[in-house]
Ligand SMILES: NC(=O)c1ccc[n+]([C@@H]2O[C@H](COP(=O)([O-])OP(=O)(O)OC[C@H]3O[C@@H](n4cnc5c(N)ncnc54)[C@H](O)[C@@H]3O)[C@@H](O)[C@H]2O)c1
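This document opens with one chain alone, in structure tokens, the form predicted alone.
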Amino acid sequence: MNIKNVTIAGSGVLGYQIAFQTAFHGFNVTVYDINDEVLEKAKSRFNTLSEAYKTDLNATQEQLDQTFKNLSYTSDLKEAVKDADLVIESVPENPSIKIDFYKKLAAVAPQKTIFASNSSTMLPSKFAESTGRPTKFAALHFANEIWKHNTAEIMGHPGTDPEVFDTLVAFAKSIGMVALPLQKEQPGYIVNSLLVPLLGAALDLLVRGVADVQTIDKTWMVATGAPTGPFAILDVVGITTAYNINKMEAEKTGDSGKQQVVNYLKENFIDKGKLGVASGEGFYTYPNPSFKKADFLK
């Protein structure tokens, strides 16, 4: 299966990065989102991203000019997928939003189109039937700052066609990713199976008043040599995502500790528009967070 035309559905924290990375590697990329205003925000983020590519990947102006030529934008779903060989879904981490999106997508996408979900917490089997083409559906999950943290976890469900799975592995490699195939479905894949418990433990320590943000991050950084602590990671991931994940977990399990975390995040961050790096403030303020200061680890 040959992939040339890729549609990225959703231009949020990861969607716009996947779009840019894919276009940078020579694919025709259509960025789809719910309205033109949201797409305009994505376009402005691409300008910032191109600077990061110059700094981190030594990208030339010529390469970046070509990347922008490879990108197109639309808020019309039918138009967005008319020639798509692959659609990567990166819509909000909410099951009902995703199911609704897949039903709409299935109605307008060509038969050839492979569907892939970038969901960080939900299993592809949860959405396989909604796609209308379960054999051509799998998860393709990226880490934030994908041009640097270039992991792509490929996870099928029991009904995924092995040829589709192999196509996604090959596609991931072709856009500069380290392809990480999973042999079976696993909530949180590999990265988040390791990361989510860390972030959850940090939030639990904070909400129960054991230690403050800086002390918890400092502990992790000094003890493990990690460049950032869990709260700095949460700011990058986006506090909305952390809120949604904890909210779903609290509703599912009835865990009062998780509910405390949900209430804390809503009251202190979501309601105040402090959403992390994207909004300029979360647990730290940006662009000059305190954890990057020379004396932070003293």
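In this text, the rigid core denotes the largest set of C-alpha atoms whose superposition between the two forms falls within 1.5 Å. Start at 1 with the first residue shown and count on from there. Remember, it's a predicted structure, so these values are computed and weren't measured experimentally.
The same protein also exists as the form predicted together with this ligand; that form is not shown, yet it is the one meant from here on.
Visitor: Looking at 85-93, 223-231, 201-209, 163-171, which one sits within 4.5 Å of this ligand in the model of the complex if you count heavy atoms only?
Guide: Contact-bearing stretch, as computed: 85-93.
Visitor: Please pick, from 125, 113, 130, 144, the one residue with any non-hydrogen atom lying within 4.5 angstroms of this ligand in the model of the complex.
Guide: Selected option: 144.
Visitor: Taking 4.5 Å between heavy atoms as the contact cutoff, choose which of 107, 194, 97, 178 touches this ligand in the model of the complex.
Guide: Filtering the options by heavy-atom distance leaves 97.
Visitor: Verify the contact flag for residue 57: yes if a non-hydrogen atom of it lies within 4.5 Å of a non-hydrogen atom of this ligand in the model of the complex, no if not.
Guide: Flag for residue 57 set to no.
Visitor: With the cut-off set at 4.5 Å between non-hydrogen atoms, does residue 64 touch this ligand in the model of the complex?
Guide: Taking the distances in the model of the complex, the answer for residue 64 is no, it never comes within 4.5 Å of this ligand.
Visitor: Give a yes/no on whether residue 34 approaches this ligand to within 4.5 Å in the model of the complex, heavy atoms considered.
Guide: Yes - in the model of the complex, heavy atoms of residue 34 and this ligand come within 4.5 Å of each other.
Visitor: Could you confirm whether residue 38 comes within 4.5 Å of this ligand in the model of the complex, counting heavy atoms only?
Guide: Answer yes; at least one heavy atom of residue 38 falls within 4.5 Å of this ligand in the model of the complex.
Visitor: Quick one: name the residues from 11-49 with any non-hydrogen atom within 4.5 angstroms of this ligand in the model of the complex.
Guide: If the 4.5 Å heavy-atom criterion is applied to this ligand in the model of the complex, 11-49 yields 11, 12, 13, 14, 15, 32, 33, 34, 38.
Visitor: Note yes or no: does the Cα of residue 70 move by 2 Å or more between the shown form and the other one after the core is superposed?
Guide: Stays below the 2 Å threshold, so no.
Visitor: How about residue 236 - superposed on the rigid core, does its CA move between the shown form and the other one by 2 Å or more?
Guide: Yes, residue 236 moves 2 Å or more.
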